[in-house]
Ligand code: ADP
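Just one chain follows, in the form predicted on its own, and it is written as structure tokens.
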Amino acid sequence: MTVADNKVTLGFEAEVKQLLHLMIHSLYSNKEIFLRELISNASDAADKLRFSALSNDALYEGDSALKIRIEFDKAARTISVIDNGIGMTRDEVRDNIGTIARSGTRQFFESLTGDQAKDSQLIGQFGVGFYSSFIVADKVTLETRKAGEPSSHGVRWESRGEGDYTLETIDRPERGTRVTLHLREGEDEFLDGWRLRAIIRKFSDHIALPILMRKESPDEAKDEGKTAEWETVNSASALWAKNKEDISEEQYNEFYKHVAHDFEAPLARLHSRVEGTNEYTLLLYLPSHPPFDLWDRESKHGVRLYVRKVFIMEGSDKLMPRYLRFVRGVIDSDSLPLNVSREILQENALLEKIRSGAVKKVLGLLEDLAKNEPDKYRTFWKNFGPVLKEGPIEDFKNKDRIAKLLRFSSTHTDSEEQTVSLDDYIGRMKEGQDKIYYITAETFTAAKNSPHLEVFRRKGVEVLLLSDRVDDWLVNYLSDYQGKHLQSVAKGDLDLGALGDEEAKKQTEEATKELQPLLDRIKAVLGDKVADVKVSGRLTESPACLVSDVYAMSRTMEKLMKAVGQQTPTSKPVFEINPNHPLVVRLKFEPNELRFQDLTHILYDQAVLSEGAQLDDPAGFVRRLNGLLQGL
């Protein structure tokens, strides 16, 4: 392949242009982070080469001493970050630099406010990476070659951070990547070796391979022809392998920002060494905010696995279950074989034990926060509660421990904030109550105002209000807690156990006998929309409600299943009426058959709407309602 005519000019994606503009203007007050981001990328490239070389030593090309070099040229006003890591092909450069292939991009841009202070936080949460170069540079040149490729397959990428970039094939004998920043006017502070060293020690001291800079002295500065001596600026040792006492809070936080590609400090961490026949070290963090790819179950970010400080893989559910996918950090094993492949790891019994131990440690950290730092746990739950609710579904072994950590809204507080634990609920149960009552709905408001709650409110019985999308799945797997059965108030016949009112039950039975002709007449009108029509014992204010069969899928669950293309049998609800409600009384004595039918359909549609569901025929509902209103 010839070098001469391979240069092309390509346009950035719209999202990249928007991100570049925002970073330049919003992160300017914290511009030194560009060096942290570039060093972090270089470290990742070295990790990837080290792993690939486990099965193909030739990729080292005779140089296995992985390192990062930082150079600056005062005359040319440039800073360069150079690594001898895995490098990139031309296609990889175009895919990784010209586009943002990241889940959550659309949501990220939609969340921007135009307020630079607020947007700078969002940008930091999104992860600035390579593009942070343009905070201090008005032109960036990247030269790279993939390890194992011939020197003629080098690539040069160059851009001024505006609308486009150039891409060309070059001859590059060295593998790895060199990023050169041509500094903007006024950024001369970064052409000072001591300033750069201070930034590296502040942000990147934890990087586990040497970061090198040329030694500087007054004499050497005068003798430009002298052979350069290089010195290691960082400690170049794996942070997680150090004793806790030797690690500062700042070092812990900077390491988190490195592994999580985050901009903010973590909410909490755990650092633990497990010894015995299966030895490993954990340094795991809880983020202080949800990452943008939190709901991408295929995301590869997460916990990194090392074997004796050699990077193996990241983000596999073999390291951390999906319901803990927000956890960031490293696990370093002394017991796994170093020359292990990702495929062999999938079936490795030692790895399963490491995963099990790590899960227990994370659950222990959450338990400690819930008990001793409730404000932090509230922050955690607000950010990650719906994800943790997946736990009882996925992890039967730890179901009870996870259930203890769950938080819900309830009629006790009537607040949308989920602060009620199952233990809290049990502690407030009425004498004789043997069930934990709950209701699921599409929204908190729909759950809070459901007619199914009326008899429970009258009796002062607390009901959990479940409106997260995962809640319908959760209650199918979490059927009991501490010997108490979880019972939906919207399924099956009303069962209050010892809390039941015999007099009210007797009145319902008598009303059923008296209104049987009306029940039959309503059922004939509704036809196959309902399984049955009954007198309700749970309504005190509303005229009617819909009740699912005790074993049936909830209407919310049916809707979710259909939304993801799953064929589900539609269950017919029971239509319950309140015999004391004026509309039902009027219905009983309505002589006009057409008006009877319209009023029956309106009551049914009102019951559907009260669940927060959508009507099959909204126009029909409006037509019938208008007809009745005109007749008043």
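Throughout, we count residues from 1 along the sequence that is shown. On a predicted model such as this, the values are computed, not experimentally measured, just so you know.
If you look for the form predicted in complex with adenosine-5'-diphosphate, you will not find it shown, but the lines that follow are about it.
*Asks:* Please state whether all three residues Ser450, Pro543 and Ser610 have a non-hydrogen atom within 4.5 angstroms of adenosine-5'-diphosphate in the predicted complex.
*Replies:* Zero of three within 4.5 Å in the predicted complex.
*Asks:* Would you kindly say which of Pro337, Gly500, Gly129, Pro321 lies with a heavy atom within 4.5 Å of adenosine-5'-diphosphate in the predicted complex?
*Replies:* Only one option qualifies, and that one is Gly129.
*Asks:* Pick from Ala45, Leu66, Leu599, Ile70: which has a non-hydrogen atom within 4.5 Å of adenosine-5'-diphosphate in the predicted complex?
*Replies:* Here the answer is residue option Ala45.
*Asks:* Choose one stretch from 51-59, 586-594, 599-607, 34-42: the one whose residues place a heavy atom within 4.5 angstroms of adenosine-5'-diphosphate in the predicted complex.
*Replies:* Only one stretch passes the 4.5 Å heavy-atom test: 34-42.
*Asks:* Would you classify His261 as touching adenosine-5'-diphosphate in the predicted complex, given a 4.5 Å non-hydrogen atom cut-off?
*Replies:* Although adenosine-5'-diphosphate is absent here, His261 would touch it in the predicted complex, with heavy atoms inside 4.5 Å.
*Asks:* Decide whether Asn96 counts as a contact residue for adenosine-5'-diphosphate in the predicted complex under a heavy atom distance cut-off of 4.5 Å.
*Replies:* Contact check for Asn96: yes, within 4.5 Å of adenosine-5'-diphosphate in the predicted complex.
*Asks:* So in the predicted complex, does Thr177 come within 4.5 Å of adenosine-5'-diphosphate, heavy atom to heavy atom?
*Replies:* Close contact exists here: in the predicted complex, Thr177 approaches adenosine-5'-diphosphate to within 4.5 Å, heavy atoms only.
*Asks:* Examine Ile312 and determine whether its closest non-hydrogen atom to adenosine-5'-diphosphate in the predicted complex is within 4.5 angstroms.
*Replies:* The answer is no: Ile312 has no heavy atom within 4.5 Å of adenosine-5'-diphosphate.
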